[in-house]
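Below you'll find only one chain, the form predicted alone, shown as structure tokens.
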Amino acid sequence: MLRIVIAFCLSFTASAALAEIEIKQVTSPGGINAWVVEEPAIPFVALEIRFRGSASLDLPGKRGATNLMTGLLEEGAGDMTAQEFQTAREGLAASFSFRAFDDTLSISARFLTENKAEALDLLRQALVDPNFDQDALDRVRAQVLSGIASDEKDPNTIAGNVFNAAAFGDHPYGSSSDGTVESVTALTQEDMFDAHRNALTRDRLYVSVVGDTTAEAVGEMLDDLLGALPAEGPAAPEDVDFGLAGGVTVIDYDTPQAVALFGHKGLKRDDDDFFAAFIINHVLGAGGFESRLMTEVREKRGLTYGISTFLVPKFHAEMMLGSVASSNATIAEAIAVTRAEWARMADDGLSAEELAVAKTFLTGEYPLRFDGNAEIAKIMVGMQMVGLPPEYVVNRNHYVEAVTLEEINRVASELLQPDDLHFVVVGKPEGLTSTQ
């Protein structure tokens, strides 16, 4: 068992408090790895479980199966119906959350120490022995179909779906993990068991536990909870290149305000230049009202209520994206200003002052993320999934501080490619037409 002690300062207005976190790396007798933080002060445990793969493992013709299956995990398990399962969970004051994303199936559990054994047994049944009863399947399917129908009318979702389809084609990233009306309608109980067997496997498992427990107890707990899951799953999809060239795609849609999703290729999370790109993104569009795009597009010209950018290093592809909404009469100008600002940062880089301000903000806000057992558990499991060591939380701010202005401006010229930006615009934009 490896122990990493992490100490950092949490700043609250005029005072500062020292917080110490001891991360213990545990391997259960059955070979399940986990990170554990013991915090006995409150009789409460936060458990975070992640399975890598998730909706990207949907079988051909079964798009949406993993998403639907995940929605059924709390709808009856073992010898309990959906109602009996919910009643048992509520009686224990436990909280379970199940979510399926493109690359990750996420399970969050919260329970009181006094109810630990019963809560974990209930969760084990949901994960290992789900029923997938037909009545529950039909009910949850109806909810998913309702969501798909709603998304078909949502400009932001339309933009995302069109953008992803053009960028990634037949790769799982090219279609919604929710599936389509046709694919979800056709899913069967057998498809649910297939999706469960493929997605919840121990070879893609990551776990963190924070709260009133011990590292020694966690090993046995994890074997009881997860040991009966399949050892291995199917092969993950191949990596895919970002396949969308620069330009504009207009989706005609009757709405007074057009929305645009834009972006181009990004870089991997483990790239040596990631922290430089992280700071660049903050200054360009992720820094709220202090970002350049907010200053140029909103503050100076009043073209939008908000514009933002974000790095998206997915497991099989990397993007740098942004989004903006503006009236149909002004969206073309908002796009032109965005592209010009993208080019200005690529050509001229950041100033020394901008870099200093960004570093101050990014290093100052980082410790504030560790504000409770549940948040710490989420951070730790996320670190595991991208291959970061426990000591990363000690070194992270050093990585930010170590980035030089020379590095920043080199990476800006390499990462930011204004001619490669593709804008998918949903609305009735004036003076704007598709270029392809």
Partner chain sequence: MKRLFTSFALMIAASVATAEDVTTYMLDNGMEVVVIEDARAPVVVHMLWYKVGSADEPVGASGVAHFLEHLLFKATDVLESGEFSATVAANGGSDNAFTSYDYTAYFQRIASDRLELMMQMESNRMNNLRITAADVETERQVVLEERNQRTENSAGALAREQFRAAQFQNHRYGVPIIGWKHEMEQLDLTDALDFYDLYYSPNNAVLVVAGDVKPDEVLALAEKYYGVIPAEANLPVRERPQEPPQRAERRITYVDQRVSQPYLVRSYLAPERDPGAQTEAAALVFLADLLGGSSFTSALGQALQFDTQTAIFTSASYDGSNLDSGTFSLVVAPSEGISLSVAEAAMDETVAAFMDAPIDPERMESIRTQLRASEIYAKDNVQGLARRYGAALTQSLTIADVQAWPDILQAVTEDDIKAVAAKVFNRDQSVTGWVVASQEEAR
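Quick caveat: nothing in here was measured; it's all calculated off a predicted structure. Residue numbers count along the first chain shown, from 1.
Just so you know, the form predicted together with the partner chain exists too; it's not on screen, but the next bit is about it.
The partner is not drawn, yet in the model of the complex one stretch among 336-344, 294-302, 169-177, 273-281 has residues with heavy atoms inside 4.5 Å of the partner chain: 294-302. Three-residue candidate spot Gln25, Glu407 and Ser413; no residue lies within 4.5 angstroms of the partner chain in the model of the complex by any non-hydrogen atom. Between the options Val312, Ala231, Ala235, Ala93, the residue in contact with the partner chain in the model of the complex by a heavy atom within 4.5 angstroms is Ala93. With the partner omitted here, the residue from Tyr253, Phe193, Phe242, Phe101 that has a non-hydrogen atom within 4.5 angstroms of the partner chain in the model of the complex is Tyr253. Looking at Glu290, you'd find a heavy atom of it within 4.5 angstroms of the partner chain in the model of the complex. For the chain shown alone, Pro155 is a contact residue for the partner chain in the model of the complex, at least one non-hydrogen atom being within 4.5 angstroms.
Although the partner is absent here, Ser351 is not a contact residue: none of its heavy atoms lies within 4.5 angstroms of the partner chain in the model of the complex.
The shortest heavy atom separation between Ala402 and the partner chain in the model of the complex exceeds 4.5 Å.
Contacts between 319-336 and the partner chain, taken as any heavy atom within 4.5 Å in the model of the complex, involve Ala325, Ser326, Ser327, Thr330.
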